[in-house]
Structures are given as structure tokens and as C-alpha cells.
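Here's a solo chain for you in C-alpha cells, the form predicted alone.
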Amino acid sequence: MISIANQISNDIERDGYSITHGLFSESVLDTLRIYAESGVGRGKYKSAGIGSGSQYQIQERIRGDQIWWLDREEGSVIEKVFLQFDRLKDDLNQSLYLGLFDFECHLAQYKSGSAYERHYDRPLASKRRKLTVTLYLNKGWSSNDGGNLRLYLNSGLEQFIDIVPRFGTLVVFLSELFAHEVLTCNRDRHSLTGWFLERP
């Protein structure tokens, strides 16, 4: 049976993106979900912005999520998440020679009614982001709840797929190739989003 890492590698090599389940156990996902939701009441989330440096600004009409940047010292479940992504990084480097060097991530909360307009994750000013990963933490999510990730499959933006942010779904794609957006959420939505980085 093919491993999840091998499946992701094969998908990236063929299509540039991958949609899988099973990289994390149910218990890790549940603990991470509870941890993410607990941050709301503890004031951990801050409004996310667009642009960088002097161009950085908060524009909730364009980007409506709130984020909580994580590091390896946050706690045992976060350490497990980082270690699992480290293993995936090593597997992808071995199979695809991507030169992945580091990993950064944040938890994201979209409140009902919020969205994120179409964008790329690798702006011209920042060449380090190689792969985008998003892990969804929403139990009981249905298509009526909105909040799909719309991934555009060509530069002309005529072709796209909509990915329902169901619990445990992991999306991985090449950051510079795929424009994407988060469609309007009809209930609160949680995820972990991160980037595998190239060397500076």
C-alpha cells in the first residue's frame, strides 16, 4: 500500500497539487482542533494582513481570517505536528529534490461571513515559499457551510477545483503556480496553514 508521503509526492510530480487524508492520526487531529479553538477565548488570534514590509495592511474585505503563528515550543501537540511535517519534508526532498529547508505555520480562523480573495502565496518580494500546506480541523463540515478552498488550475483562471474543508483533509500545492481563494464561510472555520521554505 502506498504511503501518504508517496502519494503526495506522486501527486505533486504529476499535477503540482495533492489532496489527501491520513497524514495525522485522529487523536492528533482532535487535540489540534481543541487547541486551535481554545486560542479564540485566549486572544491568540490576530487579524491577518496583506502585502509585506511598508505595504503591509489589514483589509478585512480582501482577507477576513485571523491567524495565530506557531512555533515548536507551543506544546506537545504542536511539536508532533512540526515533527510530522519535518518527516514529510524529508520524504519530498528525497523523491522530488525540491530543496525544502524549513517549515513555518499558523492556525487560521475564519468567522462566519469572512473570505479571502484570490491570491498567490509566493509574492515577488518573497522567494522562499515552495509548497503550501493546509490541514483542515472542521468536524461535521458540509458543502452548505461554504468556506471551500478554490484552487485555480491554470494561469487563465478558467479551470479550478473547490475543496471542502473537512476534518483531516490535507492540501499541498506548489506556492508559485496556483492562485487560490477561500470562499465565504457560513460558519466558523479552522485550519492549520503552513509553508515549506527554500533556503534564504
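On a predicted model such as this, the values are computed, not experimentally measured, just so you know. Numbers for residues come from their place in the sequence shown, where the first is 1.
There is also a form predicted in complex with a small molecule; it is not shown, and the following applies to it.
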Which is the contacting stretch out of 130-138, 24-32, 37-45, 153-161, given heavy atoms within 4.5 Å of the small molecule in the predicted complex?
130-138
Please tell me whether any heavy atom belonging to V172 falls inside 4.5 Å of a heavy atom of the small molecule, as the geometry stands in the predicted complex.
no
Would you please decide whether C185 lies within 4.5 angstroms of the small molecule in the predicted complex, comparing each non-hydrogen atom pair?
no
Distance check, F196 to the small molecule in the predicted complex, heavy atom within 4.5 Å
no
H106, heavy atom within 4.5 angstroms of the small molecule in the predicted complex:
yes
